[in-house]
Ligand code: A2P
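Here's a solo chain for you in structure tokens, the form predicted on its own.
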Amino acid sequence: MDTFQQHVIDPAICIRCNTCEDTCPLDAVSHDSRNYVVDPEICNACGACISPCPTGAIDNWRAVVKGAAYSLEEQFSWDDLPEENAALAGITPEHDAIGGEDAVAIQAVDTARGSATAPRSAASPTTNLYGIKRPAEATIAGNFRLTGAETASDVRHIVLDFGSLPFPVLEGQSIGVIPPGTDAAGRPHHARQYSIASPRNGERPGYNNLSLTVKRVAAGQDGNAVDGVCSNYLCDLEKGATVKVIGPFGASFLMPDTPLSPLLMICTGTGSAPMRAMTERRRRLNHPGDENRLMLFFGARTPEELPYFGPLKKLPNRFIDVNLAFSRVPGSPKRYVQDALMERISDVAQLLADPGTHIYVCGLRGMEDGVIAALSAAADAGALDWPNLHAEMKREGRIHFETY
């Protein structure tokens, strides 16, 4: 009987963050409105998607008879993984045995722009402490609108308090929130992922809490009207309400613990959440000499739609160099974060030349090409070899992309 280990994704753990689909060099991973699945006709068990997955949902295998693999249709219908076939169990996953020339070929087609490796000096994160079957319960300690009431963009700063329940997090990590109710098929809603906007010692130091930056979703990326199940749920919660939380997740998009490492942060909209966490961590440390070490490029449609606009304007320039880019200000040309980067090209080049610099990019996926082009231009301006520098930063865990 000819058998093999089929690569499958556990739908009960998956938080639908799209990391696996972005990472797979063969485009073997796809998704529908509910599940992420692996095509057995394409997957070669290379293992490229294993490490970046924040929950471990991707690292699952089922022994099957060749010619009788689980189809995509079957995988899309799963709420849980099928039970292991006892008669076939014990087969070594093929991805563990790949090496030599095959491994080199797999690495060559890995074109991810960011690193799946954490900075060498980053603190060790706690991950997957709470799961779907045993979620944590948090209480809403605050729900504040960050954007102007006259704008259609409703972005909230939401504080979750865990009371006496342990929930340790680091800057750059995320959590999953489970909205109540069921979907159109009558199945419980799956968890949605949100980046943490507060530093490791909480939104309010001395209390067991954290904050999120949540935008109410009223339209899809195609512009059609849609109600974001979890975003609307969170934005409507009042103080004192409870919410089910899983996680924490993330072991790579972490800040270095070396206090004087320069940070180049580039974000749009709610992608500001991890940047706020990192900035606030450094502000609270107040380390002597920690000046001119943070540079932020932050984009939004208008100042009224930019989260944390007011607090950002109050931070002293000697602490953080803030560069804002607005694309829909009446009477002004469209300006994006990559345009702001180009305007500061010599200063960005100096940061790229510093071997201690760490780069973080978070926001809409459409910004990636422009950001990479601007970083490449800055490297050229500083007489640096961008392809080699980019590869080096990825190896060292000094450049990270988290886009959606």
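For every residue, the number given is its place in the sequence shown, counted from 1. No experiment lies behind these values; they were computed from the predicted model shown.
Just so you know, the form predicted in complex with this ligand exists too; it's not on screen, but the next bit is about it.
- At the 4.5 Å threshold, heavy atoms of residue 281 stay clear of this ligand in the predicted complex, well away from it.
- Using a 4.5 angstroms threshold between heavy atoms, residue 338 counts as touching this ligand in the predicted complex.
- Proximity of residue 145 to this ligand in the predicted complex falls outside the 4.5 Å heavy atom cutoff.
- Taking non-hydrogen atoms only, residue 269 approaches this ligand to within 4.5 angstroms in the predicted complex.
- Just one listed stretch, out of 162 to 170, 128 to 136, 297 to 305, 69 to 77, contacts this ligand in the predicted complex at the 4.5 Å heavy atom level, and that stretch is 297 to 305.
- Highlighted residues 215, 328 and 367: every one comes within 4.5 Å of this ligand in the predicted complex, counting any heavy atom.
- Think of it this way: in the predicted complex, this ligand has a heavy atom of just one of 187, 334, 239, 314 within 4.5 Å, and the residue is 334.
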